[in-house]
Each structure stands twice: as structure tokens, then as C-alpha cells.
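Coming up is one lone chain in C-alpha cells, specifically the form predicted on its own.
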């Protein structure tokens, strides 16, 4: 049940048609995992916290660098040389002390994927590397956990909501890592934040059960022309190496 403090905090949000106290309670009881918490995952995690997610697990290895500060809005300059994930957790906790924030100074790998996904109800994939995205996708499919896959490059972004057994998974759309993909890519922080908010909203709607989630579609964002489009994805591939064996379409 919502407390008096909750009702005061979310007074304006509770007026959103279709959300109400029931949807707010679902948000408060949910655990979201965000990987990673850089230019895309950082603002996404902050928006989840502001919306009332009860627990957030932040997954990101490594220390903050000078070059991160043009886009990683949860960071601060005095944290250069220190773990990014701890700075992100501190920023969120300072913004909303009652939220449970769990920092994990690791990146997704074959050894920790099962453990990390099992800790959450929903996964927000903001990793720049396809190797990590594929690991999250595979493990979420195995455990039946929804995943919001968000990515950006320069002035372009995309968001895809994956519900195992009902939608194409990431491996259906990308059977192999695209040959042109590189670890370093051009980025303006405002574009990362824009894509992050779309991903956050998709997850918030999915968790709380209101609005229309873009199931079976990919949201495409062009910040250069300020255009948003949705493309319908091909049906789930039954020969997919990751989700092809599932029989949950009905």
C-alpha cells in the first residue's frame, strides 16, 4: 500500500490516466537492473528512481574518466579515478534516500549473468558492447525476464522491448554482431538522455501495466531531424539460437 509520503511524492504522477495507485504500487515493489550507468543508463536509472521503482541494481565496472563527463550525468568531477557505479549509486540515493540502490562494480560476463538477472524483475540493457547485450538477452530469455534494450550512436537511437516468448529477442534481430560496431563512437550527452527517457518510459509502462508498450516494434529516434518512428519487427524466429525453443506465444 502507498504511504502518505508516497501519495505526497507522486501526487502529480498518480493523475496520469491509467497509472493510479495500483500502478504506483507495482513500481514500488519492482526491482530493476540497469547495465550500464554511463551516458544512457545513468539518466535512465535516475528516471526510474524518480518514478518510484523500489529497488535498482546498477551494474558497471571501472573508474570514472575525464572523457566520461560530457554525458554521464550521475557522475561528478571529484569521482575521477574512482568507481563510476558507486558515484551513480550515491547520486541516486542522495536524490531519493528511501530507494534501495545496489551498486555492482562488474560488467556482464558469462560467470555473473545468471546471478545478476536473477536479482531483478526487469533488465534495462544500456551496454555499448554487443557481447554484453547478447549475454543479457540470453539470460533474460532463460529466466523469462523482460528486457528493455536501448542503444545510440551519434544522433541516432533505438529502443526495443523484449518479452521472452512473445516478442523477437535481440538474437532474432541481430543473429551476429554487426561488423561496423565499435566500442568508441560519437556521442552528445543530450542524445543519450533522450534515448534513455524513451527506454525508461517503456519499462515504467510495462511494469505498472498502463499505456501502450511497443511490443514487437523497434522505436527509432533521429535527434538530428527530431523524428520518431516505429518499425514492426519480423515475428520471433523459431530457429533462433536463443529463444527458438520457447513455446509461450499464446
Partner chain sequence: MRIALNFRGQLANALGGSSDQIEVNSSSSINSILQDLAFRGGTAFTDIAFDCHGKPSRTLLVAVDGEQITDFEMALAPDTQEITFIPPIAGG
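Quick caveat: nothing in here was measured; it's all calculated off a predicted structure. Residue numbers count along the first chain shown, from 1.
The same protein also exists as the form predicted in complex with its partner chain; that form is not shown, yet it is the one meant from here on.
Engineer: Mind telling me which stretch in 107 to 115, 124 to 132, 86 to 94, 140 to 148 gets its heavy atoms within 4.5 Å of its partner chain in the model of the complex?
Structural biologist: After filtering at 4.5 Å, what remains is 124 to 132.
Engineer: Which pick from 75, 152, 136, 169 sits with a heavy atom within 4.5 Å of its partner chain in the model of the complex?
Structural biologist: That would be 152.
Engineer: For its partner chain, considered in the model of the complex: do all three of 40, 185 and 233 come within 4.5 Å of it, counting heavy atoms only?
Structural biologist: Every listed residue reaches its partner chain in the model of the complex, so yes.
Engineer: May I ask you to check whether residue 220 falls inside a 4.5 Å heavy atom distance of its partner chain in the model of the complex?
Structural biologist: Because a heavy atom of residue 220 falls inside 4.5 Å of its partner chain in the model of the complex, the answer is yes.
Engineer: Against its partner chain in the model of the complex, would residue 163 count as a contact residue? Criterion: heavy atoms within 4.5 Å.
Structural biologist: Although its partner chain is absent here, residue 163 would stay clear of it in the model of the complex, with no heavy atoms inside 4.5 Å.
Engineer: Quick one: does residue 81 come within 4.5 Å of its partner chain in the model of the complex, counting heavy atoms only?
Structural biologist: Looking in the model of the complex, residue contacts with its partner chain do not include residue 81, since no heavy atom lies within 4.5 Å.
Engineer: Residue 99 versus its partner chain, in the model of the complex: is there a non-hydrogen atom within 4.5 Å?
Structural biologist: The answer is no: residue 99 has no heavy atom within 4.5 Å of its partner chain.
Engineer: Could you list the residues in 154 to 176 that come within 4.5 Å of its partner chain in the model of the complex, counting only heavy atoms and keeping sequence order?
Structural biologist: The stretch 154 to 176, when checked against its partner chain in the model of the complex, contributes 156, 157, 158, 173, 174, 175, 176 at the 4.5 Å heavy-atom cut-off.
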